[in-house]
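What follows is one chain in structure tokens, specifically the form predicted alone.
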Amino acid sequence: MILGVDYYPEHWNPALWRADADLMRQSHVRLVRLAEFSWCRLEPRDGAFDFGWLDEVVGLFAERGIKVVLCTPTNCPPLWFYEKYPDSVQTERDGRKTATGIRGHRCLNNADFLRYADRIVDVMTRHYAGNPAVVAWQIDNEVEANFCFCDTCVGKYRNRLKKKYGTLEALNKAYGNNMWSGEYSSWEQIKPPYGSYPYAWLNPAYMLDFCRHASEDMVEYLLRQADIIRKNCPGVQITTNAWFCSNLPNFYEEFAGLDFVSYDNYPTTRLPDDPEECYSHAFHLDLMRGVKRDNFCVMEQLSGGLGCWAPMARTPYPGMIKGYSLQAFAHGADTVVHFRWRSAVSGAEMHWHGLIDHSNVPGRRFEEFRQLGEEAKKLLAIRGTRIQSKVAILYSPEDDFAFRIQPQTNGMYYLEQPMLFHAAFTGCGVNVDVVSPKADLSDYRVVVAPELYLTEAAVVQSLYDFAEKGGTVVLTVRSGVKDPHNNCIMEPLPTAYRKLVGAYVEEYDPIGYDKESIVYSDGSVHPCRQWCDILHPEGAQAIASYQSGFYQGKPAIVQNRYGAGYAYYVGTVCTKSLYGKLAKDILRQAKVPFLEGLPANVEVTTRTGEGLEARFMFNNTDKVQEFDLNGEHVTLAAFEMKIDLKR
């Protein structure tokens, strides 16, 4: 496996470069990412390019057998550019231009910015074309969906709507604009969500289209740069680095035209006091692997305590640097690049700690990283292995958009239920894929489809077909609520899935922070929160019922036989213990082998290849864990990963 670091030579005296490169080689670093914020150094004056310093650094790494990922520096145009083209800065919701001074100010649709971005990408990629040290290009940095409100973006938004709906009559009907006298009589009346209103106060159909538009802008921007790179550097791999940002894009569309997925992975350094909180980044890693259903890269990995956008967090506990990196390898990363080599001594990110502190003296974290390098070198034997799963969880960016636009009840957010199911199944030692609702499901035995809020006909048919052929489908609260335009469907919930689950919702109770309780089929009692669907079976069997509330005795979870398979409907949000029991019962029913007796937060993942199986056992806690597994007594120190290779 490949271990790397993010390095910023422009931040350091050139006298440090050679010593840094030597220390990287000694630490088994095999990849370095460079240049994503260096436009002002690469083009210090309009049209005057300087690659000499970067050539020297790339050469130093090449001499030591260290490969390079170069980044297009377009996230941060130089200040001379903004001075010359002030309209290229993004426009905020209130109509004011974003104040320059941090990063990512550019409007992705501005003609002047795109012209200069095209030029720096073209010049840079032609300069490094054919350089054997450059093995990949990263486009920009942590690009968000383009929530810009300038005239150019407004015009593009209207044009997209014209193309999609054709007529104002069709658009008004799709949006339900007869509400609040909101019908458009001209295209010019269509504005983005200006002002300070919460998005939940605005028409949810309109807001969903705006989120789609902002994500599409980002995708077009990435593909524009990808075309230039492919023209100048044919055969070199291209990516960008995703993260769970405020203005979320559609990850599947983001990477559809790129060669591999990269993700910025920052697990927590402070374990939560609440045992019900799902803090493991295993879910995020499986989701990123599922975007292209292939192995992926971590382009930024936790190296120290974080501090920039918020006060400084706790430093990584002993074992975290190594354990969290190995966790990423276990879940399908072939490359893990640590952010950053050395903590910055200036700028807002100076307290976002790297492997080496401001003292410039390698310490405990660096020593742990060096040990990780030795481990990664040994793991080269498993390069090319893959995660093979019989369980899938569906993640929908558009459902995520819809939940952000219109919060359902206090404390409820879209990702929680997918993460609860993921924790339950991985707690049984089974591999889990997190994939698109539009994915081919034929390789799976169990598909968990939490909160299919927006109802897509193709997705509905896919799940019915999957159960019909013998698969097991698990649906949850807030399924079948809306049509593709984000308008409510006037049928009993779960609307299109009613026959599949063999039940309908008589009434629901958004209990938010309050609590009720359910009794499971084995007699165990579990608290429930946030939401209670009161179910009426139509052939389904109740496997859990409410023990409190005015709906005491009513079904809360049902199981239904459909075709050669089964469907479950989970009508509330419970504690981890319930999901653990349910996951085991579903795996038994679906005849998927699993492990018994794993302690909480011990993760077992398996990668397989031709004639090779690698089993990873990770203790994602700060306590020693002891347990018996298949007749063997296992002891794992805090954040320890044990890896068993079988040929």
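One-based numbering along the sequence shown. Please read all numbers here as calculations on a predicted model, not as lab measurements.
This next part talks about the form predicted together with alpha-D-galactopyranose (GLA), which is not shown.
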Notebook entry, point to check: So which of 176-184, 473-481, 307-315, 144-152 is the stretch with heavy atoms within 4.5 Å of alpha-D-galactopyranose (GLA) in the model of the complex?
Noted result: 307-315
Margin query: in the model of the complex, does each of E43, W53 and Y128 have a heavy atom within 4.5 Å of alpha-D-galactopyranose (GLA)?
Written below: no
Checklist line | 4.5 angstroms heavy atom contact with alpha-D-galactopyranose (GLA) in the model of the complex for E216 | finding: no
Note to self: Is T335 near alpha-D-galactopyranose (GLA)? Define near as a heavy atom within 4.5 Å, in the model of the complex.
What the structure shows: no
Notebook entry, point to check: Should F210 be classed as touching alpha-D-galactopyranose (GLA) in the model of the complex when contacts are defined as heavy atoms within 4.5 Å?
Noted result: no
Check: Taking the shortest heavy atom distance, is N241 within 4.5 Å of alpha-D-galactopyranose (GLA) in the model of the complex?
Finding: yes
Item checked: Interface residue in the model of the complex among D400, D264, E368, E516, criterion: non-hydrogen atom within 4.5 angstroms of alpha-D-galactopyranose (GLA) -> D264
Next item on the list: Name the single residue among F425, Y497, F339, F329 that comes within 4.5 Å of alpha-D-galactopyranose (GLA) in the model of the complex, judging by heavy atoms.
Entry: F339
Next item on the list: Counting only non-hydrogen atoms and a 4.5 Å cut-off, give the residues of 335-354 close to alpha-D-galactopyranose (GLA) in the model of the complex.
Entry: F339, E349, W352
